[in-house]
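Presented as structure tokens, the chain that follows is alone, the form predicted on its own.
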């Protein structure tokens, strides 16, 4: 009979090996799912995970890794602060949307002014919009002990409806012949988040993502805030004895995650997305949760995990085009990765042993 026996200390080997094992198992189980859907499993897995890097068109797809990965890394870095402290922000998608709307509002308000100040103002507006949206669950948690998981998640749907109303109303392009959607900000030089080096995929959002990784690494490993975050997550009672203010920590963690999610929304609406439209969000806020856990809530791990998830986005688009794979199958693959990772993570704290059955 198989039994789980709790380890005296978490296995360091399994802690680092479990993401790799989870990815391999996801490929295997994903191949089975693709076969059930009538798609060649090996070819589909190759298309998703290898073609963007090694096919004859890799020169075209590789810059897309930076474009797709930057918002995932930005949002996941913010989420990692809260998750480490036991503050569960599941509504980063809503904060991403509100950041995009706040930034777009500033950019459109200045249209067609040609000034260098517009883009920095959009960054500030996007970041503040994300922070303010994150403060709703934060304040409700601090003042009324509400569950930040439910509040932040429900606010995603509020943000989606608000974005749709803006695309159909106040932000609709007056020259768009009545079609929903704002002006294309990527064609407005003062508000456009253009590539720094043409054809590289490197825009200011990518730079911000790398800065966020460095900031998070230094803060979590060298700063008193990082110590408080780790202590609150590992032992709330010890944190209380150490003088950590839980209310303040909740506000800070949700503020950081909301601000980085809003910043990600700003860089997207000013660049790759270009405009506010009905349903312009693509689920980065939810996918970033997978990125955060796949990266072990560590900044460098999140950077690598963001690249992997960006790979599934790009490879998924190729598979949809070349193999007719439904987009829902890619979302299923990403969800499977999170659940398999959580399953494999059990082995970091428990070991499997065989025991004789009772007679």
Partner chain sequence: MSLLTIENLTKAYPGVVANNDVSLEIGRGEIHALLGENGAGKSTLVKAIYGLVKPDAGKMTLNGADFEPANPSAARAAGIAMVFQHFSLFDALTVAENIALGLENPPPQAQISEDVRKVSDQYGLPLDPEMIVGDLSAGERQRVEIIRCLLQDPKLLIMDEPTSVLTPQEVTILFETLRKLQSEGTSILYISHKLEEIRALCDNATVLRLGQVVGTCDPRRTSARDMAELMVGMALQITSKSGKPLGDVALRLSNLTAGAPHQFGTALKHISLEVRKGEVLGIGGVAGNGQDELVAALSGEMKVGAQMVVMGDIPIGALPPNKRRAMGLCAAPEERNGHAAAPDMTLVENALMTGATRLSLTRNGFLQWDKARAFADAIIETFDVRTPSANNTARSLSGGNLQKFVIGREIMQNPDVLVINQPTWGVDASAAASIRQAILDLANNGAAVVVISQDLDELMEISDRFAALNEGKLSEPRPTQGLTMEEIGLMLGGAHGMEVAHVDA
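What you see is a predicted model, and the numbers here were worked out from it, not measured in a lab. Numbering follows the first chain given and starts at 1.
Only in words, not in the display: the form predicted together with the partner chain, which the text now covers.
- Residues within 4.5 angstroms of the partner chain in the model of the complex, judged by any non-hydrogen atom, belong to 240-248 and to none of the other stretches in 150-158, 109-117, 185-193, 240-248.
- Residue-level contacts in the model of the complex: of 198, 218, 170, 211, one residue has a heavy atom within 4.5 Å of the partner chain, and it is 218.
- Contact here is defined as any heavy atom lying within 4.5 Å of the partner chain in the model of the complex, and by that definition not a single one of 60, 320 and 331 is a contact residue.
- Within 4.5 Å of any heavy atom of the partner chain in the model of the complex lies no heavy atom of residue 145.
- Using a 4.5 angstroms threshold between heavy atoms, residue 231 counts as touching the partner chain in the model of the complex.
- Although the partner is absent here, residue 349 sits close enough that one of its heavy atoms falls within 4.5 Å of the partner chain in the model of the complex.
- Contact check for residue 204: no non-hydrogen atom falls within 4.5 Å of the partner chain in the model of the complex.
- Contacts with the partner chain in the model of the complex, taken as any heavy atom within 4.5 Å, map to no residue of 278-308.
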